[in-house]
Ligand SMILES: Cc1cc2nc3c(=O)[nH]c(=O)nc-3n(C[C@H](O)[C@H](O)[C@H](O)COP(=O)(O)OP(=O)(O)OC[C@H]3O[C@@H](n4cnc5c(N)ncnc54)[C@H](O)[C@@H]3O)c2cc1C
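Here you get one chain, nothing else, as structure tokens; it is the form predicted on its own.
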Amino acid sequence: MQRILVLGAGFAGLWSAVGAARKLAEERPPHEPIAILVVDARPFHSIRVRNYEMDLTATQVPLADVFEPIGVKWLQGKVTHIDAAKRKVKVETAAGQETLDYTRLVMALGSSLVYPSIPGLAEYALDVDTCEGAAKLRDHLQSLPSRHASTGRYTAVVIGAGLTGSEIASELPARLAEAAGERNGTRVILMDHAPRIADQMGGAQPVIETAMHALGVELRPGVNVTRVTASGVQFEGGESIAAATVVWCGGMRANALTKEFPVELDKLGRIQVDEYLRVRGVPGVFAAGDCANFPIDGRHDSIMSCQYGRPMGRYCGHNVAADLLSESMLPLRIDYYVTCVDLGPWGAVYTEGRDRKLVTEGEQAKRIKQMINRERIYPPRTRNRDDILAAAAPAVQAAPLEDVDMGA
């Protein structure tokens, strides 16, 4: 039996599998059986972009709820090696190592947080890159009241003032206040080596600063961290801040297994693909999401985000199945880009374009962010075959602003 093997069940991987199932289900008369198998280290699809939130309950969608109704198989395990020449993939499972063959492969193992060689950073800093990391931060904050009273017990330092850093910094004042109870002295500091906080955020930058001031978050731009310890952080020049909580929100890099393919990678470790999501120069291999890169609007490289990962997955799934069936594939092009940053109790900020032109902020932007986080980016949770397959249609959704009644 021919097999489509999908590595990863994040936004790109999940939708690649469902998109392939949708395309195969459309064939009349029915084609020869083609199996779809998804491999992921977790038994659930993680809504990763919500990891900064306090309640993580709704951020995990069981793979069985999405794949079983549409006949897609999945295997829990860690991918350890890819041999594109032999079309084999090694996976470490609870039962031991397995070797999987494939007819077509989708590389969608995503990205991970980069930890630079700052002494103590990897050892003492927390993060919200994964659901496990977010849970560790939650448990850490809840443990603070039981710790020995010390300077910095209720101080949090967030290093990296991009989108993720801004979102977790906006949440921490309330979370620290809850942990501290009636005690005073909570403190949240957002820092970055750039000359301004949220320096790359265009029209959203002054809005983010305004929100941080309103929330009581201290801003420290233009500083470099030289060491992280169990009791705080140290800066270039000798200054230090006592803090029991340090959250690292540095840059991202594609999964290291992209190096297994005989291709040149971009500066983020991503594989170059064409507009059909095919890996250039490697027969039978497609890639999508944070592992893949191409000029998604014809001019600009794709950006690591669920905004692009989801449609890349839908088109990739359609195309990998079409390729197996010797049918025409569909090119992907997305001509818009938006940014919506959650700013906690203050609201949110919404921009359009690569230059991030400010469109709306505060409560209106918050409604858009909640619609994105709680509805738009989820697969159907009905366990209904038709609902799930319909959601994987190879089409680009309208910009999120068009899905929200701003007059409500």
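Quick caveat, the model's predicted, so the values are computed rather than measured. From 1 onward, residues are counted along the sequence shown.
Just so it is clear, the following notes concern the form predicted together with the named molecule, a form of the same protein that is not shown.
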Give a yes/no on whether G160 approaches the named molecule to within 4.5 Å in the model of the complex, heavy atoms considered. no
With the cut-off set at 4.5 Å between non-hydrogen atoms, does G77 touch the named molecule in the model of the complex? yes
Taking the named molecule as it sits in the model of the complex, is E167 near enough to touch it, meaning that at least one heavy atom pair lies within 4.5 angstroms? yes
I'd like to check something about R376: if you look in the model of the complex, is any of its heavy atoms closer than or equal to 4.5 Å to a heavy atom of the named molecule? no
Residue (of I189, I334, L121, L257) lying close to the named molecule in the model of the complex, criterion heavy atoms within 4.5 Å: L257
Considering non-hydrogen atoms and a 4.5 Å limit, which listed residue (L172, V106, L277, L109) is close to the named molecule in the model of the complex? L109
To test your reading of this chain, name the stretch in 41-49, 355-363, 379-387, 66-74 whose heavy atoms come within 4.5 Å of the named molecule in the model of the complex. 41-49
Heavy atom within 4.5 Å of the named molecule in the model of the complex - qualifying residues of 1-15: G8, A9, G10, F11, A12, G13
